[in-house]
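Next up: just one chain, as C-alpha cells, the form predicted alone.
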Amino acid sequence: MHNHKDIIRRLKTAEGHLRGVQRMVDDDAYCIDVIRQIQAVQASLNKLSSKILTEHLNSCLITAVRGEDPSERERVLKEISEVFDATQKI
C-alpha cells in the first residue's frame, strides 16, 4: 500500500462513525437511524477495501504476473480469486 496516510485517515473516519453507532445504541436511538449509520460505516469500509484492492492489483499483482516465478503468479492469482469468492458470501 502506497498511500498509508489516506488509508489510515479513512479507517479513523470509519472508526469514529462506528463509535457514533455505539453511542446511538447506548442512547436508545431510533432503530432505522442506527441501521442507516451502520450502512454508512459498511459503505465506507467497502470503499476502502476497493481502494486497497485496486492498489494491490496495480502493484503486487502486476509484479507477480511479470515475474519469473510461476508459483508466485499462481499464489497471487489464487488470493484474488479468494477475495472475490469471500465477497460473494457477504
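Note that residue numbering follows the sequence shown and begins at 1. In this text, all values refer to a predicted model and were calculated from it rather than measured experimentally.
Another form, the form predicted together with a further copy of the same chain, is not on view; read the next lines as being about it.
Student: Though only this chain appears here, would S81 touch a further copy of the same chain in the predicted complex if you measure heavy atom gaps against 4.5 Å?
Tutor: Yes, S81 lies within 4.5 Å of a further copy of the same chain in the predicted complex.
Student: Do S71 and a further copy of the same chain come within 4.5 Å of each other in the predicted complex, heavy atoms counted?
Tutor: The answer is no: S71 has no heavy atom within 4.5 Å of a further copy of the same chain.
Student: Would you give me the residues of 60 to 83 that have any heavy atom within 4.5 Å of a further copy of the same chain in the predicted complex, in order from first to last?
Tutor: In sequence order, C60, L61, I62, V65, R66, G67, R73, R75, V76, L77, E79, I80, S81, E82, V83 come within 4.5 Å of the partner.
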